[in-house]
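Before any questions on how it binds or moves, here is one chain, the form predicted on its own, in structure tokens.
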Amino acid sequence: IMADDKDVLRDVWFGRIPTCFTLNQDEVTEREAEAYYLLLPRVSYLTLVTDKVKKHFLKVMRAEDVEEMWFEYEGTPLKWHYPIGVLFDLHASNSVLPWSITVHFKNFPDRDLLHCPSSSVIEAHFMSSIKEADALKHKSQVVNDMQKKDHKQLWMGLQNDKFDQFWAMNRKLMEYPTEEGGFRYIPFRIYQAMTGNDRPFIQKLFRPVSPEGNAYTLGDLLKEMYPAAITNDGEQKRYQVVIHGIEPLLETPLQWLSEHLSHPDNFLHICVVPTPSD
């Protein structure tokens, strides 16, 4: 029925965004800082994959001018604890590539961003997402049955970009009893591109299967959680509903999406962005 499902998992994992990092003009440098180009993995986190960016810019700066590094796109500080693909789809999905990100080393925006002093902070965030997702999917049974080294394998798979290592463990988190037809609840978050929103995303309980045993679809989820995102007959399309840079058909079963298009954190991250006006 679908493209070979293993290929879908691979395409999601190996999705890359060509990105150009430039140093903010207000930074004090010894000489001019060249831009730095990098292919960013959609499924990773900015603070996990930008060591090279940091090293590159530190070459032209004095130690006393360097505080915690942070990133911004067109005036919006980028939340490192959202997966990179989500940040791009939410803020830049209709812009030209390469994605142009500004690098800062001072004036950290405490009100907008979490501090990220080390990769252990990223690991803790990642593992708490996986545990939260498993509480929704299996009442935490799967993640609690895993050993510490199994948790480590998930993290190391993400950190070292090892698809097979990650999925050897992650597939356990994607299983469910056949007779139930899916997970207990679907771990999802719906993000809106509207700035100034108090609630950064929508996250509620939603089952993949109706009481009558029918599979709910992406359209069913949106009808319930974000009806404005659905285009009615005869209307102009106002919004794009984007997962991993694509717009899945609204008829796609939610359970299938959860198994194949979730990020490594086991959440289905759905971005609702305004349709570009030509």
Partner chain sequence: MPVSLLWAVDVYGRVYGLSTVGQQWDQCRDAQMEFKRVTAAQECCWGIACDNNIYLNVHASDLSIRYQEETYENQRWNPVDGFSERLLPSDRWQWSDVTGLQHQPLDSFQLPSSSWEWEGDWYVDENFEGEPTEKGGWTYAIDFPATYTKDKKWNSCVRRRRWLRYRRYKAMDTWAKIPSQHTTLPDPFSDISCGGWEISEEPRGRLSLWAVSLQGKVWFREGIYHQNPEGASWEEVLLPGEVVQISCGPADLVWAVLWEGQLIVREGISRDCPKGASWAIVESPSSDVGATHVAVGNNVVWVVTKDNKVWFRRGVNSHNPCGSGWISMVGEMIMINVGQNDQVWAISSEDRAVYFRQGVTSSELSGKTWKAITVPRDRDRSQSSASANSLQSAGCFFCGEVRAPSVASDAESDLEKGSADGPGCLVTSTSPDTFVDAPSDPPADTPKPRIPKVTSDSFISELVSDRESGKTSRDVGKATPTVLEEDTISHEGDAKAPCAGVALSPSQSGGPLDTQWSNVDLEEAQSQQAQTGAVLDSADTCSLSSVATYTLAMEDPYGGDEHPLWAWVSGGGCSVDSHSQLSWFNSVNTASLVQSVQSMSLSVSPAQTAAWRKQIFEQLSERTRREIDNFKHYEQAIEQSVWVKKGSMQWWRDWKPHKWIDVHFALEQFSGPEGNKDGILFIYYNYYEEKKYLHAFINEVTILVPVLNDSKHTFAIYTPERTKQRWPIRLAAATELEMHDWLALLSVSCCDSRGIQGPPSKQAIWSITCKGDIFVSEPSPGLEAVPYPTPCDQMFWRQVGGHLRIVECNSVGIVWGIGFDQTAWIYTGGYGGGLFQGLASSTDNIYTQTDVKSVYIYENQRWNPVTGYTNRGLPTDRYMWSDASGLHECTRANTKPPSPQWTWVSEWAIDYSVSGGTDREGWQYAADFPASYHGYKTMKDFVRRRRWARKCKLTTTGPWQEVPPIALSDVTILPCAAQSTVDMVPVWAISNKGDVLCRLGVTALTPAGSSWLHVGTDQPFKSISIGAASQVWAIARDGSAFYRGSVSPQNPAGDCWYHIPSPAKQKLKQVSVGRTSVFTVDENGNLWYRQGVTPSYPQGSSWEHVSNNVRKVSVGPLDQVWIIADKVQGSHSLSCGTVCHRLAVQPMQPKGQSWDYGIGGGWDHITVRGNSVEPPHIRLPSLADMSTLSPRSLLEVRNTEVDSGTSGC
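This is a predicted model, so every value here is computed, not measured. Numbering follows the first chain given and starts at 1.
Quick note: we don't show the form predicted together with its partner chain, though the next part is all about it.
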Each of His81, Asp110 and Ala228 within 4.5 Å of its partner chain in the model of the complex, by any heavy atom, yes or no?
no
Spot the stretch among 39-47, 24-32, 228-236, 65-73 with residues whose non-hydrogen atoms come within 4.5 Å of its partner chain in the model of the complex.
39-47
Quick one: from Tyr191, Phe105, Trp155, Trp167, grab the residue that has a heavy atom within 4.5 Å of its partner chain in the model of the complex.
Trp167
Even though its partner chain is not shown here, does Asn266 get within 4.5 Å of it in the model of the complex, heavy atoms only?
no
Determine whether any heavy atom of Thr19 comes within 4.5 Å of a heavy atom of its partner chain in the model of the complex, and answer yes or no.
yes
With the partner left out here, check for me: in the model of the complex, does some heavy atom of Pro98 sit within 4.5 Å of its partner chain?
yes
Residue contact check: Gln240 to its partner chain in the model of the complex, 4.5 Å heavy atom:
no
Going by heavy atoms, what in 174-189 lies within 4.5 angstroms of its partner chain in the model of the complex?
Tyr176, Thr178, Glu179, Glu180, Gly181, Arg184, Tyr185
